[in-house]
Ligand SMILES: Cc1ncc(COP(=O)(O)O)c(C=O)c1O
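Below sits a lone chain in C-alpha coordinates, taken as the form predicted on its own.
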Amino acid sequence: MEIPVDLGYGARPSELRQWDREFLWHPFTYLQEWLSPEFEIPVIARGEGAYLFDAEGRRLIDGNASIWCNVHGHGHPKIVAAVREQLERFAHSSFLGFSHPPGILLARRLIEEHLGKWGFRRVFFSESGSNGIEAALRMALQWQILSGHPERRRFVAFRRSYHGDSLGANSVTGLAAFKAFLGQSGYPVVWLDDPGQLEEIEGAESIAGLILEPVIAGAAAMVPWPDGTLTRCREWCDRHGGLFVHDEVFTGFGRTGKMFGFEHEACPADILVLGKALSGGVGPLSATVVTDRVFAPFARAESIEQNFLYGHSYAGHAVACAGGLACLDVFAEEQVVSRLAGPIAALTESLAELAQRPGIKEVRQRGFAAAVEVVEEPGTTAQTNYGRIQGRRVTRECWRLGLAARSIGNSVIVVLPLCATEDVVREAVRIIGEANERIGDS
(Lines give C-alpha, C1' and ligand atoms only; values in the text may rest on other atoms or scores of the structure.)
Protein backbone atom coordinates (compact mmCIF):
# COMPACT_ATOMS: atom_id res chain seq x y z
CA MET A 1 0.00 0.00 0.00
CA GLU A 2 1.40 3.39 -1.01
CA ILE A 3 1.98 6.04 1.61
CA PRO A 4 0.11 9.18 0.50
CA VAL A 5 2.66 11.88 -0.29
CA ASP A 6 1.86 15.21 -1.87
CA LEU A 7 4.02 15.09 -4.99
CA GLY A 8 2.42 18.24 -6.35
CA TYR A 9 1.50 16.74 -9.72
CA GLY A 10 -1.58 14.64 -9.02
CA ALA A 11 0.08 11.25 -9.58
CA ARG A 12 0.91 8.30 -7.36
CA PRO A 13 4.50 7.03 -7.00
CA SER A 14 3.70 3.78 -8.81
CA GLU A 15 2.24 5.70 -11.76
CA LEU A 16 5.26 7.98 -11.97
CA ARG A 17 7.65 5.04 -11.98
CA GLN A 18 5.69 3.30 -14.72
CA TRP A 19 5.57 6.43 -16.87
CA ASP A 20 9.27 6.97 -16.27
CA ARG A 21 10.03 3.50 -17.68
CA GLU A 22 7.76 4.16 -20.65
CA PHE A 23 8.80 7.66 -21.67
CA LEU A 24 12.22 8.65 -20.28
CA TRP A 25 15.87 8.02 -21.06
CA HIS A 26 18.07 9.14 -18.17
CA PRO A 27 21.69 10.26 -18.52
CA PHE A 28 24.50 8.12 -17.12
CA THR A 29 21.98 5.41 -16.21
CA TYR A 30 22.30 1.64 -16.46
CA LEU A 31 19.15 0.99 -18.48
CA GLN A 32 19.01 -2.77 -18.05
CA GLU A 33 18.56 -2.22 -14.32
CA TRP A 34 16.41 0.91 -14.58
CA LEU A 35 13.85 -0.63 -16.94
CA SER A 36 13.43 -3.76 -14.86
CA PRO A 37 9.99 -3.84 -13.14
CA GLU A 38 11.72 -5.06 -9.97
CA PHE A 39 13.88 -1.93 -9.71
CA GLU A 40 12.38 0.79 -7.52
CA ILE A 41 13.14 3.99 -9.40
CA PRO A 42 14.19 6.71 -6.93
CA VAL A 43 11.64 9.51 -7.31
CA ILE A 44 12.49 12.66 -5.37
CA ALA A 45 9.54 14.65 -4.03
CA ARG A 46 11.28 17.49 -2.17
CA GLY A 47 14.46 18.64 -0.47
CA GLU A 48 15.28 20.32 2.80
CA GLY A 49 18.78 21.29 3.91
CA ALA A 50 21.11 18.32 3.52
CA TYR A 51 18.20 15.93 2.95
CA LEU A 52 16.04 14.68 0.11
CA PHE A 53 12.62 13.07 0.52
CA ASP A 54 11.43 10.41 -1.89
CA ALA A 55 7.93 9.77 -3.19
CA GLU A 56 7.10 7.59 -0.20
CA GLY A 57 8.26 10.26 2.24
CA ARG A 58 11.52 8.54 3.23
CA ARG A 59 14.28 10.93 4.29
CA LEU A 60 17.63 10.50 2.53
CA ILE A 61 20.91 12.28 3.16
CA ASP A 62 21.86 13.96 -0.12
CA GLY A 63 25.21 12.17 -0.34
CA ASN A 64 25.65 13.21 -3.95
CA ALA A 65 24.87 16.92 -3.33
CA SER A 66 22.49 16.61 -6.28
CA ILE A 67 25.26 15.71 -8.74
CA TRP A 68 27.59 18.09 -6.85
CA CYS A 69 25.49 21.19 -7.61
CA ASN A 70 23.80 21.71 -4.25
CA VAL A 71 26.07 23.82 -2.10
CA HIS A 72 24.10 25.41 0.76
CA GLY A 73 21.37 22.80 1.09
CA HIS A 74 17.93 22.49 -0.44
CA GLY A 75 15.50 25.34 0.04
CA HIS A 76 17.90 27.87 1.56
CA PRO A 77 15.57 30.83 2.23
CA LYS A 78 17.94 33.46 0.87
CA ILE A 79 18.42 31.66 -2.41
CA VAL A 80 14.72 30.82 -2.74
CA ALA A 81 13.79 34.47 -2.15
CA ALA A 82 16.31 35.69 -4.75
CA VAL A 83 15.03 33.27 -7.38
CA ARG A 84 11.39 34.11 -6.67
CA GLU A 85 12.10 37.84 -6.89
CA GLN A 86 13.89 37.47 -10.23
CA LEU A 87 11.13 35.26 -11.64
CA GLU A 88 8.62 37.99 -10.86
CA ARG A 89 10.70 40.41 -12.93
CA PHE A 90 11.55 38.09 -15.85
CA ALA A 91 12.91 34.57 -16.17
CA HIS A 92 15.16 34.86 -19.20
CA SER A 93 16.51 37.42 -21.59
CA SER A 94 19.16 36.81 -24.22
CA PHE A 95 22.76 37.45 -23.15
CA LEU A 96 23.81 37.54 -26.81
CA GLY A 97 24.02 41.26 -27.45
CA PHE A 98 21.93 42.13 -24.37
CA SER A 99 22.63 42.23 -20.64
CA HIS A 100 20.75 42.20 -17.35
CA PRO A 101 21.36 43.20 -13.72
CA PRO A 102 21.90 39.76 -12.11
CA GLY A 103 24.45 38.76 -14.77
CA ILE A 104 26.33 42.06 -14.46
CA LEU A 105 26.35 41.98 -10.66
CA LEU A 106 27.38 38.31 -10.44
CA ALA A 107 30.33 38.89 -12.77
CA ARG A 108 31.37 41.97 -10.81
CA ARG A 109 31.22 40.19 -7.47
CA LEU A 110 33.10 37.14 -8.73
CA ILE A 111 35.94 39.42 -9.83
CA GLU A 112 35.93 42.04 -7.07
CA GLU A 113 35.31 39.73 -4.10
CA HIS A 114 37.03 36.51 -5.13
CA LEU A 115 39.03 36.27 -8.36
CA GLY A 116 40.41 39.71 -9.18
CA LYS A 117 43.23 39.35 -6.64
CA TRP A 118 44.41 36.33 -8.63
CA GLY A 119 44.57 38.28 -11.91
CA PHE A 120 41.18 37.36 -13.38
CA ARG A 121 39.21 40.16 -15.04
CA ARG A 122 36.45 38.92 -17.38
CA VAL A 123 33.55 36.47 -16.99
CA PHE A 124 31.97 34.59 -19.90
CA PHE A 125 28.72 32.87 -18.88
CA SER A 126 27.49 29.58 -20.34
CA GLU A 127 24.94 27.00 -19.20
CA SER A 128 26.83 23.91 -18.05
CA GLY A 129 30.30 22.81 -17.06
CA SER A 130 30.79 21.15 -20.45
CA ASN A 131 29.82 24.41 -22.19
CA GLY A 132 32.23 26.31 -19.97
CA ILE A 133 35.06 23.93 -20.86
CA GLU A 134 34.17 24.18 -24.56
CA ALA A 135 34.45 27.94 -24.30
CA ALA A 136 37.81 27.68 -22.53
CA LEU A 137 39.31 25.37 -25.14
CA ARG A 138 38.08 27.52 -28.02
CA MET A 139 39.38 30.64 -26.29
CA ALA A 140 42.81 29.05 -25.88
CA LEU A 141 43.01 28.03 -29.54
CA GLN A 142 41.78 31.36 -30.86
CA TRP A 143 44.05 33.26 -28.46
CA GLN A 144 47.05 31.43 -29.89
CA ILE A 145 45.94 32.33 -33.43
CA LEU A 146 45.33 35.98 -32.58
CA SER A 147 48.71 36.07 -30.81
CA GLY A 148 50.50 34.87 -33.94
CA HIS A 149 50.81 31.15 -33.13
CA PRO A 150 48.35 29.27 -35.37
CA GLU A 151 50.57 26.19 -35.15
CA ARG A 152 49.59 25.70 -31.51
CA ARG A 153 46.64 23.30 -31.88
CA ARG A 154 47.23 20.56 -29.29
CA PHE A 155 46.25 20.31 -25.64
CA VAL A 156 47.92 18.56 -22.75
CA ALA A 157 45.53 16.55 -20.57
CA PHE A 158 45.69 13.70 -18.07
CA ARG A 159 44.30 10.20 -18.46
CA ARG A 160 42.88 10.46 -14.95
CA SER A 161 40.53 13.28 -15.93
CA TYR A 162 36.97 14.20 -16.81
CA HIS A 163 36.06 17.58 -18.29
CA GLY A 164 32.62 17.12 -19.82
CA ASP A 165 30.57 15.22 -22.39
CA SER A 166 30.38 17.52 -25.40
CA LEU A 167 32.77 16.67 -28.22
CA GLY A 168 35.49 19.18 -27.37
CA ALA A 169 35.28 18.63 -23.61
CA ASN A 170 35.23 14.88 -24.16
CA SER A 171 38.35 15.05 -26.28
CA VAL A 172 40.35 16.25 -23.22
CA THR A 173 38.64 13.70 -20.95
CA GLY A 174 40.98 10.79 -20.32
CA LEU A 175 38.76 8.22 -18.64
CA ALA A 176 38.55 5.12 -20.81
CA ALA A 177 34.77 4.73 -20.60
CA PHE A 178 34.31 8.05 -22.39
CA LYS A 179 36.53 6.93 -25.28
CA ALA A 180 34.70 3.67 -25.93
CA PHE A 181 32.62 4.97 -28.86
CA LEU A 182 34.04 8.40 -29.72
CA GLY A 183 37.72 7.45 -29.56
CA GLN A 184 40.01 10.47 -29.87
CA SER A 185 37.54 12.75 -31.66
CA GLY A 186 37.82 16.50 -31.31
CA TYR A 187 41.00 18.31 -30.36
CA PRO A 188 44.40 16.60 -30.63
CA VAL A 189 45.71 15.79 -27.16
CA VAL A 190 49.03 14.83 -25.59
CA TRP A 191 48.09 12.38 -22.82
CA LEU A 192 49.97 12.17 -19.53
CA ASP A 193 49.59 9.82 -16.60
CA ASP A 194 51.11 12.24 -14.09
CA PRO A 195 52.76 15.67 -14.00
CA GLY A 196 56.20 14.08 -13.84
CA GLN A 197 55.87 13.36 -17.56
CA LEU A 198 55.62 17.02 -18.57
CA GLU A 199 59.29 17.26 -19.44
CA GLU A 200 58.97 14.27 -21.76
CA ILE A 201 56.54 16.06 -24.10
CA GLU A 202 57.92 16.41 -27.61
CA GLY A 203 56.89 19.35 -29.76
CA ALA A 204 55.93 21.68 -26.92
CA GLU A 205 55.85 24.53 -29.44
CA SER A 206 52.59 23.04 -30.80
CA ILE A 207 50.75 23.14 -27.43
CA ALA A 208 47.85 25.58 -27.11
CA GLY A 209 47.12 24.82 -23.47
CA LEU A 210 47.11 22.41 -20.55
CA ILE A 211 43.90 21.52 -18.72
CA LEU A 212 43.67 20.16 -15.18
CA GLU A 213 41.10 19.75 -12.42
CA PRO A 214 42.90 21.28 -9.41
CA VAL A 215 43.61 19.35 -6.20
CA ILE A 216 41.43 16.31 -6.85
CA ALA A 217 40.13 14.47 -9.91
CA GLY A 218 36.41 14.31 -9.11
CA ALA A 219 34.86 12.03 -11.73
CA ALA A 220 37.98 9.85 -11.65
CA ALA A 221 36.55 8.71 -8.30
CA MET A 222 38.05 11.43 -6.10
CA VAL A 223 41.75 10.77 -6.62
CA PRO A 224 43.86 13.64 -5.16
CA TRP A 225 46.73 15.10 -7.16
CA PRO A 226 50.18 15.15 -5.50
CA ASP A 227 51.05 18.38 -3.70
CA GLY A 228 52.79 20.78 -6.05
CA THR A 229 50.99 19.60 -9.17
CA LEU A 230 49.48 22.99 -9.97
CA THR A 231 52.77 24.81 -9.50
CA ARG A 232 54.59 22.32 -11.70
CA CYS A 233 52.03 22.66 -14.49
CA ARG A 234 52.01 26.45 -14.20
CA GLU A 235 55.79 26.62 -14.56
CA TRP A 236 55.73 24.31 -17.57
CA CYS A 237 53.06 26.42 -19.32
CA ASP A 238 54.99 29.61 -18.64
CA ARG A 239 58.20 28.13 -20.10
CA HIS A 240 56.57 26.69 -23.22
CA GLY A 241 53.88 29.25 -24.09
CA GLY A 242 50.73 27.23 -23.42
CA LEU A 243 47.74 28.60 -21.55
CA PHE A 244 46.88 26.95 -18.24
CA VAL A 245 43.18 26.02 -17.93
CA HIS A 246 41.69 25.12 -14.54
CA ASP A 247 38.50 23.05 -14.51
CA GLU A 248 36.92 24.01 -11.18
CA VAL A 249 33.39 22.99 -12.14
CA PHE A 250 33.48 20.54 -9.23
CA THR A 251 36.33 21.78 -7.03
CA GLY A 252 35.15 25.39 -6.83
CA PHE A 253 33.04 26.91 -4.05
CA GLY A 254 34.32 25.22 -0.92
CA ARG A 255 34.43 21.56 -1.94
CA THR A 256 38.12 21.14 -1.15
CA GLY A 257 38.14 23.21 2.03
CA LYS A 258 39.01 26.48 0.29
CA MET A 259 36.79 28.66 -1.85
CA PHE A 260 38.63 27.51 -4.98
CA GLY A 261 40.92 24.53 -5.41
CA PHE A 262 43.82 26.50 -6.89
CA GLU A 263 44.08 28.46 -3.63
CA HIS A 264 45.73 25.43 -1.98
CA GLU A 265 48.89 26.30 -3.92
CA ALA A 266 48.12 29.98 -4.58
CA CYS A 267 48.52 29.07 -8.23
CA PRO A 268 45.90 30.59 -10.56
CA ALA A 269 45.38 29.72 -14.22
CA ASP A 270 45.01 31.81 -17.36
CA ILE A 271 41.48 30.49 -17.84
CA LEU A 272 39.25 29.25 -14.99
CA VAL A 273 35.99 27.35 -15.49
CA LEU A 274 33.30 27.36 -12.78
CA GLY A 275 29.93 25.62 -12.72
CA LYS A 276 27.64 23.37 -10.66
CA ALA A 277 27.49 25.32 -7.35
CA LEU A 278 27.86 28.67 -9.14
CA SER A 279 24.09 29.23 -9.27
CA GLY A 280 23.54 27.97 -5.73
CA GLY A 281 22.19 24.77 -7.26
CA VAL A 282 19.04 26.34 -8.71
CA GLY A 283 19.77 26.38 -12.43
CA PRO A 284 22.25 25.66 -15.22
CA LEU A 285 25.09 28.18 -15.14
CA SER A 286 28.82 28.12 -15.74
CA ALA A 287 31.49 30.79 -16.04
CA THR A 288 34.70 30.82 -18.04
CA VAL A 289 36.85 33.46 -16.35
CA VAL A 290 39.98 34.89 -17.96
CA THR A 291 42.84 37.28 -17.29
CA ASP A 292 43.40 40.57 -19.12
CA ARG A 293 46.18 38.84 -21.06
CA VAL A 294 43.73 36.35 -22.52
CA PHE A 295 40.99 38.91 -23.14
CA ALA A 296 43.18 41.58 -24.79
CA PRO A 297 43.51 40.21 -28.35
CA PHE A 298 39.76 39.53 -28.53
CA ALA A 299 39.04 43.12 -27.49
CA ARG A 300 41.22 44.32 -30.39
CA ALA A 301 39.41 42.15 -32.97
CA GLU A 302 38.81 44.05 -36.23
CA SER A 303 36.64 41.51 -38.05
CA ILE A 304 33.71 39.29 -37.17
CA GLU A 305 35.91 36.22 -37.63
CA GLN A 306 38.32 37.45 -34.98
CA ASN A 307 35.57 37.82 -32.40
CA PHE A 308 34.69 34.92 -30.13
CA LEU A 309 31.81 33.25 -31.96
CA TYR A 310 30.49 30.97 -29.28
CA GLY A 311 27.45 31.03 -26.99
CA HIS A 312 24.13 29.42 -26.15
CA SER A 313 20.51 30.54 -25.96
CA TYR A 314 20.33 30.23 -22.17
CA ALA A 315 23.79 31.60 -21.45
CA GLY A 316 23.80 33.87 -18.42
CA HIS A 317 20.27 32.83 -17.43
CA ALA A 318 18.89 35.60 -15.23
CA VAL A 319 17.28 33.31 -12.62
CA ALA A 320 20.44 31.23 -12.29
CA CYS A 321 22.53 34.41 -11.93
CA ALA A 322 20.16 35.64 -9.21
CA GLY A 323 20.69 32.33 -7.42
CA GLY A 324 24.42 32.82 -7.82
CA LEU A 325 24.32 36.25 -6.19
CA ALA A 326 22.43 34.81 -3.22
CA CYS A 327 24.87 31.90 -3.10
CA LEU A 328 27.79 34.32 -2.69
CA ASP A 329 25.82 36.14 0.03
CA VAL A 330 25.44 32.90 1.98
CA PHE A 331 29.16 32.11 1.69
CA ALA A 332 29.99 35.52 3.18
CA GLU A 333 27.23 35.85 5.78
CA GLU A 334 27.44 32.31 7.15
CA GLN A 335 31.24 32.01 6.96
CA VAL A 336 30.72 28.75 5.11
CA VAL A 337 34.32 27.89 4.21
CA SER A 338 35.74 28.45 7.70
CA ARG A 339 32.75 26.66 9.23
CA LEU A 340 33.62 23.56 7.20
CA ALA A 341 36.58 22.76 9.45
CA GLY A 342 34.41 20.72 11.84
CA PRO A 343 32.54 18.68 9.20
CA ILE A 344 35.79 18.07 7.29
CA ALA A 345 37.43 16.77 10.48
CA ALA A 346 34.40 14.54 11.12
CA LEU A 347 34.67 13.19 7.58
CA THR A 348 38.39 12.47 8.00
CA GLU A 349 37.84 10.69 11.31
CA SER A 350 34.86 8.66 10.06
CA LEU A 351 36.69 7.58 6.90
CA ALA A 352 39.76 6.54 8.89
CA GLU A 353 37.59 4.29 11.04
CA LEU A 354 35.78 2.86 8.03
CA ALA A 355 39.06 2.13 6.26
CA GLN A 356 39.95 -0.42 8.96
CA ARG A 357 36.87 -2.55 8.31
CA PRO A 358 36.75 -5.65 6.07
CA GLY A 359 35.61 -5.08 2.51
CA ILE A 360 37.05 -1.56 2.25
CA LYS A 361 39.92 -1.27 -0.22
CA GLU A 362 40.74 2.43 0.17
CA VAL A 363 39.37 5.80 1.25
CA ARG A 364 40.36 9.04 -0.48
CA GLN A 365 39.64 12.61 0.61
CA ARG A 366 40.47 16.21 -0.07
CA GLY A 367 38.54 18.67 2.05
CA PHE A 368 34.82 17.93 1.88
CA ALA A 369 35.10 15.57 -1.09
CA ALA A 370 35.81 11.88 -0.63
CA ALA A 371 35.34 8.37 -1.96
CA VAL A 372 35.13 4.94 -0.34
CA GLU A 373 36.45 2.22 -2.63
CA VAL A 374 35.02 -1.18 -1.79
CA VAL A 375 36.49 -4.60 -2.56
CA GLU A 376 35.07 -6.17 -5.71
CA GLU A 377 33.85 -9.70 -6.14
CA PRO A 378 36.50 -11.68 -8.08
CA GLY A 379 35.88 -11.75 -11.83
CA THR A 380 33.27 -8.96 -11.93
CA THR A 381 33.94 -5.89 -14.08
CA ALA A 382 31.91 -3.22 -15.80
CA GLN A 383 32.51 -5.07 -19.06
CA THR A 384 31.21 -8.41 -17.74
CA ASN A 385 28.24 -7.33 -15.60
CA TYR A 386 27.84 -3.69 -14.71
CA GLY A 387 24.88 -4.32 -12.44
CA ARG A 388 26.95 -6.66 -10.26
CA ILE A 389 29.77 -4.21 -9.58
CA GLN A 390 30.15 -4.01 -5.80
CA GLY A 391 30.13 -0.21 -5.74
CA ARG A 392 26.84 -0.18 -7.63
CA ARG A 393 25.31 -2.77 -5.30
CA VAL A 394 26.47 -0.83 -2.23
CA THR A 395 24.94 2.35 -3.63
CA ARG A 396 21.56 0.69 -4.05
CA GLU A 397 21.71 -0.55 -0.45
CA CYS A 398 22.63 2.95 0.74
CA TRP A 399 19.33 4.19 -0.71
CA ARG A 400 17.45 1.64 1.38
CA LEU A 401 19.34 2.73 4.50
CA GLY A 402 18.79 6.48 4.04
CA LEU A 403 21.68 7.79 1.92
CA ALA A 404 21.24 9.00 -1.66
CA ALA A 405 24.69 8.01 -2.88
CA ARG A 406 26.34 7.59 -6.26
CA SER A 407 29.18 5.29 -7.22
CA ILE A 408 31.92 5.52 -9.83
CA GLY A 409 33.02 1.98 -10.46
CA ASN A 410 33.69 0.48 -7.04
CA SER A 411 34.05 3.86 -5.37
CA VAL A 412 31.09 5.24 -3.43
CA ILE A 413 31.31 9.02 -3.64
CA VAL A 414 30.88 11.14 -0.51
CA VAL A 415 30.01 14.71 -1.54
CA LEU A 416 27.49 16.38 0.78
CA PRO A 417 25.94 19.84 0.71
CA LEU A 418 28.20 22.24 2.62
CA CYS A 419 25.44 22.74 5.19
CA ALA A 420 25.82 19.13 6.39
CA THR A 421 26.59 18.93 10.11
CA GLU A 422 29.19 16.69 11.71
CA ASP A 423 26.45 14.28 12.74
CA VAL A 424 25.14 14.08 9.17
CA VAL A 425 28.66 13.41 7.90
CA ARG A 426 29.21 10.58 10.36
CA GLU A 427 25.82 9.06 9.54
CA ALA A 428 26.54 9.12 5.80
CA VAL A 429 29.85 7.28 6.27
CA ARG A 430 28.27 4.82 8.72
CA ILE A 431 25.58 3.95 6.17
CA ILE A 432 28.19 3.22 3.50
CA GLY A 433 29.94 0.82 5.88
CA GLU A 434 26.71 -0.91 6.83
CA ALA A 435 25.60 -1.18 3.21
CA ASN A 436 28.87 -2.81 2.21
CA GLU A 437 28.62 -5.29 5.05
CA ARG A 438 25.02 -6.18 4.15
CA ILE A 439 25.98 -6.80 0.53
CA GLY A 440 28.93 -8.90 1.65
CA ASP A 441 26.69 -11.03 3.83
CA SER A 442 24.04 -11.56 1.14
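Residue numbers run from 1 along the displayed sequence. Keep in mind the model is a prediction, meaning the values are calculated, not measured.
The same protein also has a form predicted together with the named molecule, omitted here; what follows describes it.
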*asked:* Since only the chain is shown here, I'm wondering whether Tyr162 would be in contact with the named molecule in the model of the complex (any heavy atom pair within 4.5 Å).
replied: yes
*Using 4.5 Å between non-hydrogen atoms, is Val249 touching the named molecule in the model of the complex?*
yes
*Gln144: touches the named molecule in the model of the complex, heavy atom cutoff 4.5 angstroms*: no
_Quick check on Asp270: any heavy atom within 4.5 Å of the named molecule in the model of the complex?_
no
*Can you pick the stretch from 260 to 268, 291 to 299, 184 to 192, 121 to 129 whose heavy atoms fall within 4.5 Å of the named molecule in the model of the complex?*
121 to 129
*asked:* I need to confirm a contact call. Of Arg255, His317, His72, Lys276, which residue comes within 4.5 Å of the named molecule in the model of the complex, counting heavy atoms only?
replied: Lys276
